[in-house]
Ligand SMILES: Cc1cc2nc3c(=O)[nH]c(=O)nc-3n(C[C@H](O)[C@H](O)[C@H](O)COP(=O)(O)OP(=O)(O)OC[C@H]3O[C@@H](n4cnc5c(N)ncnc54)[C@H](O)[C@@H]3O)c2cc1C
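First comes one chain, alone, set out as structure tokens in the form predicted alone.
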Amino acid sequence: MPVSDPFGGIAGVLAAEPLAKHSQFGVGGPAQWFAQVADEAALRALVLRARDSGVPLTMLGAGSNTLILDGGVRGLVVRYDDRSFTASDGVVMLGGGCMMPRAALDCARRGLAGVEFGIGVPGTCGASVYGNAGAFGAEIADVLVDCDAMAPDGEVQTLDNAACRFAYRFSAFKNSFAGNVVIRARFRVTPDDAASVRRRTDDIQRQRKASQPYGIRSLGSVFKNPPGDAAGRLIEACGLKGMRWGGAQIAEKHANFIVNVERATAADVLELVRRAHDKVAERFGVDLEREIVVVGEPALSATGIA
């Protein structure tokens, strides 16, 4: 197959698709090719075609904690949009594209406790497993039973909690299982009074609104919290809360968040990330580690990907 059209014959694959409109943060250059699929067979077809054509494959969730660079992403970008939800015998199964806040509310409506923290995780199930996402004292590792992952050869295997090797904002999908796509996951839940579960999700949501930027495009937690401290506290102590660069700003409500206040570029964001990192290192000797995922390439020209 000609390299110029490696996805010929596969419906729904778009060329030069702007990724800013597929990111909650609203920033990012174009994907060389882009597809949004909701079933396993369609995903497998794309994964295999990318492998056979030697085309890099990038998976994109909701784009809530991913910074897409201004030059866009070479190769194929896929959003897996299976949002299925089933509950049986103390286990909830979510499709990889299911949004965690929606899952938390669906569980509350059914009187199922365990994933209330998901209301504070504005990402998909697949991305949340990948990054061991968490909020307000709980994380994926606390409740995951197992997950199904598709390898680059299209084969699907089930990985239990231990095999995922969870750590703080980390899973094996970042190293030994890199290139595998989480297509569904199962979580432990317990029956509870529906009103009580909903009160807990509402409380988490109130905490989130009170302590984090809300109603504005945010990149989520920019840095991981260092042991025994909080990245936001350190950045604020350096006097950087509210600092603006281009269209991006270190949030005034919480200094570990960067918000898109006026058509920000990824370059704007990275400059703020650099300044926050360097100021904290200079003043406190702490080497903050990024929590956000950065994908793509810097802008090489006014047209994006060269």
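From 1 onward, residues are counted along the sequence shown. As the structure is a computational prediction, the values presented were derived from the model and not from experiment.
What follows is about the form predicted in complex with this ligand, which we do not show.
Tell me which of 126-134, 223-231, 158-166, 195-203 has residues with heavy atoms within 4.5 angstroms of this ligand in the model of the complex? One stretch meets the cut-off, namely 126-134.
Although the partner isn't part of this model, could you tell me whether A104 comes within 4.5 Å of this ligand in the model of the complex, counting any heavy atom of the residue? Outside the cut-off, so no.
Is there a heavy atom of L219 lying 4.5 Å or less from a heavy atom of this ligand in the model of the complex? Contact with this ligand, yes.
Exercise: R186 in contact with this ligand in the model of the complex, heavy atom 4.5 Å: Contact with this ligand, no.
Find out whether any non-hydrogen atom of P30 is located within 4.5 angstroms of this ligand in the model of the complex, and reply yes or no. Outside the cut-off, so no.
Going by heavy atom distances of 4.5 angstroms or less, which of A264, A276, L60, V47 would be at the interface with this ligand in the model of the complex? Looking at A264, A276, L60, V47 one by one, just L60 meets the 4.5 Å heavy-atom criterion.
Considering only 184-198, what residues come within 4.5 Å of this ligand in the model of the complex, judged by heavy atoms? Residues within 4.5 Å: none in this stretch.
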